[in-house]
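Listed next as structure tokens is one chain, alone, in the form predicted alone.
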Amino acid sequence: MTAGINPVVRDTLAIAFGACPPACRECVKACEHQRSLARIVALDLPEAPFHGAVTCLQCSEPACRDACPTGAIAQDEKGVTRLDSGRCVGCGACAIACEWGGINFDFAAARAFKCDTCDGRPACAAACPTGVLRWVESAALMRQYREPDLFTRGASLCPGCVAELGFRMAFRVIGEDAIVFAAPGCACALANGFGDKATTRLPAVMCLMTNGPSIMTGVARRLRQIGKQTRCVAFIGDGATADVGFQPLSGAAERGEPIVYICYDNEGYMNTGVQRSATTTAGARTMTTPVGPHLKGKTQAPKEVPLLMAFHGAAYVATASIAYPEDFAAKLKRALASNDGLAYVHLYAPCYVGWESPMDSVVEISRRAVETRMFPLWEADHGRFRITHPIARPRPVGDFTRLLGRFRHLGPAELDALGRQAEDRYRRIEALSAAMPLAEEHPRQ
């Protein structure tokens, strides 16, 4: 986004298509109560299998509007496509034009009708027990990412790389008053450039895999000594975080150094040939955990680095995913507000090359990891915990693993074991949230 340009953004109803629990009709009931005739349709196709909800998607260029011969359909200033039943003649042209099934028809009255988002407070989203339906305030989200992109245009890393997307998103929130620290890994090129060509307008420091937090400590202390509030922010991979670089990170947390550390976790040493790291999921195939007659991928459970950092006494700890950008932005702001100790953000960063998945799949992988409880989203402020995106009814773990070739070898028994590990991890955070709760609205919100 170029500085000074304000794009038009709309709040919208988001639907996780096909993720509804079977036979759930809560959205339909809520819509009927609010609007007498339900503007949303619940679909159950067990033979597919498919269980989902369908309603108007509020297209930016609605085909129904263009097809209506009487002008009964129009967009308002908020981008909501509305249907004036008084001008509708019941011809059905709008329903034919809508390829998404977003137009409903009242056969008794011979009139079409459709969702109007309940004027920005959709009853269906409020009633949804699983989070499949969400009201996304896109305008507020864009305000979270209002800063210009501090990195050069084009793809510095693999096209569609979560690490690059997360890097750019993070520093839109963080802003220009920051120093970025990197270590050997995929994303270091985005911070430090190529040859004699810079890729960022930020001051950047290239560290070793073993001394990032130590160098940050020295710089942060000197900045404070001269009265500057410039934030020292690391964007470093899981190898230099969970493995060879864990000791200086542990020390910085224990000393309460006022630095922000973002780990982008692609679960391996992707830059050097897809070797396993401590955070690699159990059962995953890598170059150092092959699949054969005597081995079926990694045998150990992943190291829970965010939880370790919380128990280290870090001022603020959070997990994040680019599939939930509003959650990511809010957590970055809380991390920046932590001046009394280390703030640690663990960003889930699927690598489609190392994880053997399609190039355009990383956002969906990120979303499925949350929906199956493989990667719970939570935060801890000075030892008090909160799950920021509760998953009341998790999807089967197979909905996640089938997206990834590195799990193709797993059978039912291995999938069950992986699901139990995910459930145990989620329950652990859930128990901490119940025992040491963090208020829904705390000062850094």
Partner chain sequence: MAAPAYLPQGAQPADGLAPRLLDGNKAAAYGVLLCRPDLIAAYPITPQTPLLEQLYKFKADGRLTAETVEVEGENSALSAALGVTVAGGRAFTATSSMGLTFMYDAYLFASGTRVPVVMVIAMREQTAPTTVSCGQQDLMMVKEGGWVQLVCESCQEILDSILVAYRLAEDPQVQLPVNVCYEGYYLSHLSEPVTVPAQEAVDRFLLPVRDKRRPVLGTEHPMTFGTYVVGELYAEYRYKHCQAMERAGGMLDAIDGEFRAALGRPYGGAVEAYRAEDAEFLMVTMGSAAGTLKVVVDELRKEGIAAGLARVRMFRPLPARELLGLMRGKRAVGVVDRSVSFGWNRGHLFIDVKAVAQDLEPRIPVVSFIGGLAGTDLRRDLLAGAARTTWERGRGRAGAEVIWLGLE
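Source: prediction; values computed, not measured. Residue numbers count along the first chain shown, from 1.
Not pictured, yet referred to below: the form predicted in complex with its partner chain.
Student: In the predicted complex, which of 312-320, 123-131, 371-379, 209-217 comes within 4.5 Å of its partner chain (heavy atoms)?
Tutor: Of the stretches listed, the one contacting the partner is 209-217.
Student: Find out whether any non-hydrogen atom of residue 333 is located within 4.5 angstroms of its partner chain in the predicted complex, and reply yes or no.
Tutor: The answer is no: residue 333 has no heavy atom within 4.5 Å of its partner chain.
Student: With a cut-off of 4.5 Å between heavy atoms, is residue 191 one of the residues that contacts its partner chain in the predicted complex?
Tutor: Contact check for residue 191: yes, within 4.5 Å of its partner chain in the predicted complex.
Student: Should residue 85 be classed as touching its partner chain in the predicted complex when contacts are defined as heavy atoms within 4.5 Å?
Tutor: Residue 85: no, not in contact with its partner chain in the predicted complex.
Student: Taking its partner chain as it sits in the predicted complex, is residue 293 near enough to touch it, meaning that at least one heavy atom pair lies within 4.5 angstroms?
Tutor: Residue 293 lies outside the contact set for its partner chain.
Student: Could you spot which one of 74, 198, 109, 89 gets a heavy atom to within 4.5 Å of its partner chain in the predicted complex?
Tutor: Contact with its partner chain in the predicted complex is made by 198 alone.
Student: Counting any non-hydrogen atom inside 4.5 Å, which residue from 337, 301, 179, 93 sits next to its partner chain in the predicted complex?
Tutor: It is 179.
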